[in-house]
Structures are given as structure tokens and as C-alpha cells.
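Encoded as C-alpha cells, the following chain is the form predicted alone, with no partner shown.
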Amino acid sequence: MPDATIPGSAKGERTRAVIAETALRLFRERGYDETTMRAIAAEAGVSTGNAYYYFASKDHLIQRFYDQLQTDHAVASAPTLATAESFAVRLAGVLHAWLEIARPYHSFAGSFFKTAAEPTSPLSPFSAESSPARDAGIALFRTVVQGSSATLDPQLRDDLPELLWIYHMGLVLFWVHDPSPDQRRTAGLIDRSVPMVDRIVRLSRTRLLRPVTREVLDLVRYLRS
């Protein structure tokens, strides 16, 4: 009979979930820097050692947060992706869905952003540790592209999901620093920028802009290498 306290067991997964949910609540209430693993363990009703057994550090709890945010984002985006064919409508719907599910976490996002902004930080969205959440985000934008009625340059179609994810990261950076009520300025930035992205995507297959598009893609591939 398996040990019910190990992470893979049913009891272990419940304990892991309680610790993660408690951590996110405390991050919102107290801020990321002010929340210790000891405080998380006490609020979750487990020993500090048990908390570290499931999550080696606060960074690992943030990785759990990233993963859960991606899951929630996919669920929130599903109605738009199931009904809309327009590339612009699908993209805007997915971006606005992210704003809705991320809103409760805005108050503490800035407190750990200074750590996430460090190139070597495991909290960076570009880090190896963040690859599951990053891959899930790119996959969601791949669904945006593949399910749309847009006619794309074949080379752009392959790289566009990752480019859209990078565009989304730029919006997230703006959101982190957005002091407006309910981050309305970020919502406005989405509404203003999506038509521009849509126009660029549509024009990319024209004879005039196709060479420029491919030069940009070559540059992106160089930066990824």
C-alpha cells in the first residue's frame, strides 16, 4: 500500500494543493517578499518540513502558480476558441480571458516581478524551470492560429504561436505596472494592439512584405538559438 503522504498519492496531492492555495492567498494578502515558507506551512496546517517536502522553495510555489494560471487560462479561453473563426476575435478573446483570471493576483505580481525579471532567475518566463507553463502558453496561441480563418505565409504559421506568446509577455509586463482600476489600461492596450497584429499577419503573405516577414523570422530563430 503506498504511503499516503507522498506527493503522488491522493492525500499527498490534496496536501500539495492546500499548501499552494494557502501560499497564493498569503502572497495576495501580505506580498511575496513578506510571506515565508514557515507562515505558509502554519496557515496550511502542516509542518514547515512538510511544506518543504512538497515545495523546495517559494520559487517552486510560483512555478505551481504559473502552471495553474495556464490551466485556468485555457479553460477561460475555450468559449471564444470554440465559436470564433476570426483571428483577431480569437486573439483578443484569449488575451482578455487572461486578464480576467489574473486580476486577483495583480496586487502581488509586482513584488516577485523583480526576481522574475532577472535573466538567471527560475521565475523568469524564459527559464528552463518555466518551460511547462511556457509550452502550454505557446500551445494555446497555436490553437488561436490553427482554428482561425486567417490565410498565412506557411513559414509564419509555424512561428506565429511563439511570437504571439512573446507579444503576450509584453502585455503582461505592462499589466504588472498598470495602476488603473481593474487594469483597464491593459485591456485598452489589447483592444488597440490586436487589430495592428491582425493587420500585420494578414499583410505578411503579400508579395511586398513576405521578404520582410521572413527576415524577421530568421532574426527570431537566431535569437532562440
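In case it trips you up, residue 1 is the first one in the sequence shown, and so on. Being a predicted model, the structure only gives us computed values, none of them experimental. We call the rigid core whatever largest set of C-alpha positions still superposes within 1.5 Å between the two forms.
What comes next is about the form predicted together with the DNA, which does not appear here.
Shown here without its partner, the chain carries K11, T35 and Y52, all of which come within 4.5 Å of the DNA in the predicted bound form through at least one heavy atom. Heavy atoms within 4.5 Å of the DNA in the predicted bound form are found in exactly one of 154-162, 186-194, 167-175, 52-60, that being 52-60. Taking the partner from elsewhere, T15 is found to have a heavy atom lying within 4.5 Å of the DNA in the predicted bound form. For G45, a non-hydrogen atom is located within 4.5 Å of the DNA in the predicted bound form, even though that partner is not displayed. Heavy atoms closer than or equal to 4.5 Å to the DNA in the predicted bound form belong, across 137-152, to no residue whatsoever. R38 shows a C-alpha shift of 2 Å or greater between the shown form and the other one [criterion: core-superposed Cα displacement of 2 Å].
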